[in-house]
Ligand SMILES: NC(=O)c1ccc[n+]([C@@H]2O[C@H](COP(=O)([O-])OP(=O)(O)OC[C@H]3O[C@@H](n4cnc5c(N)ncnc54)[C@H](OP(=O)(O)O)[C@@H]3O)[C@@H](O)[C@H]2O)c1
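Given as structure tokens, the chain that follows is alone and in the form predicted alone.
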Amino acid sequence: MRVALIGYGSVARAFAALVAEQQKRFPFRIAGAHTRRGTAYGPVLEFGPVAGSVGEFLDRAQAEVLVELSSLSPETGEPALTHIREAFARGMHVVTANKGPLAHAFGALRAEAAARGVEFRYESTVMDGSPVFNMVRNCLPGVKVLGFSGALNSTSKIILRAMEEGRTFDEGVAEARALGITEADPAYDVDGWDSAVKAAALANVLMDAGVRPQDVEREGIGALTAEDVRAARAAGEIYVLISRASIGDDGRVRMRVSPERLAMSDPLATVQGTSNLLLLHTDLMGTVGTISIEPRVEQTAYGVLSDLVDITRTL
């Protein structure tokens, strides 16, 4: 199966390396890569002039699958939305690690993929490749997701830990940036936008909510002081930026992102640093969860590979 890449940052490079490493087990081939600064074709990615358009790149690459790995735009989901639709229009399957399209237009994209008879996968959008969407799809038949609770933003954890240790807010941001885990604009993490986009994506896919990130009640960690954080720790508690969703009495899905003061024994308080935890509250299985322990870019790349493998099983 030939794969075209849009975006060639750290995840895409790790994915290309993984494809080469796993070639004997999973015979995927990179057909080309397109970025804002250059375009490459063929398995040896030597970048030259930028293709005139995404459509031109996809036509020339002649791939069967688009792997969409462009940067997140939390307010609109673009340009990833357009990239995905360009691929669908050409009868291509799509895998993305960009949560924006799920948060802004999942229902429409799902319908467009079905109309074109192609597959759409997105395992690496929320939990760095740890199984969430594929787990529900493949392992929980008949289960209804009634809500979720998650500690899903690594940058906020790093910042709050730094403040606990007597360092400044800005020093925490710098540490997170050095680890390569911040959004392109760290304010998206600090203000809760990253968590809101993840919450909307989860609600749309798992609960058919039909929401956007702007529908999430959102409060970031910017108002917390070092005194707040250290006082919580002295009391055996910890602040964590939590994403929650539930179904209201009117049947609508309600979502909230906010820093919560949790007991250290709370499962959502147990993940620190870059680790993340998502709990799904269901009708038939009670509460089940997925945890990722200090994931790196290689785990995100693996999530993309797992989606490709899942697509081949449907063909």
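All of these numbers come straight from a predicted model, not from anything done at the bench. All residue numbers are counted from 1 along the displayed sequence.
Beyond what is shown, the protein has a form predicted together with the ligand; the following relates to that form.
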| item | value |
| --- | --- |
| T182, heavy atom within 4.5 angstroms of the ligand in the model of the complex | no |
| K99, heavy atom within 4.5 angstroms of the ligand in the model of the complex | yes |
| Distance check, T282 to the ligand in the model of the complex, heavy atom within 4.5 Å | no |
| Residue contact check: N276 to the ligand in the model of the complex, 4.5 Å heavy atom | no |
| Option touching the ligand, based on a heavy atom within 4.5 Å in the model of the complex, out of T290, S258, S246, T35 | T35 |
| Per-stretch contact check against the ligand in the model of the complex, the hit in 131-139, 162-170, 76-84, 202-210 (non-hydrogen atom, 4.5 angstroms) | 76-84 |
| Stretch 1-36: residues contacting the ligand in the model of the complex, 4.5 Å heavy atom cut-off | I6, G7, Y8, G9, S10, V11, A12, H34, T35, R36 |
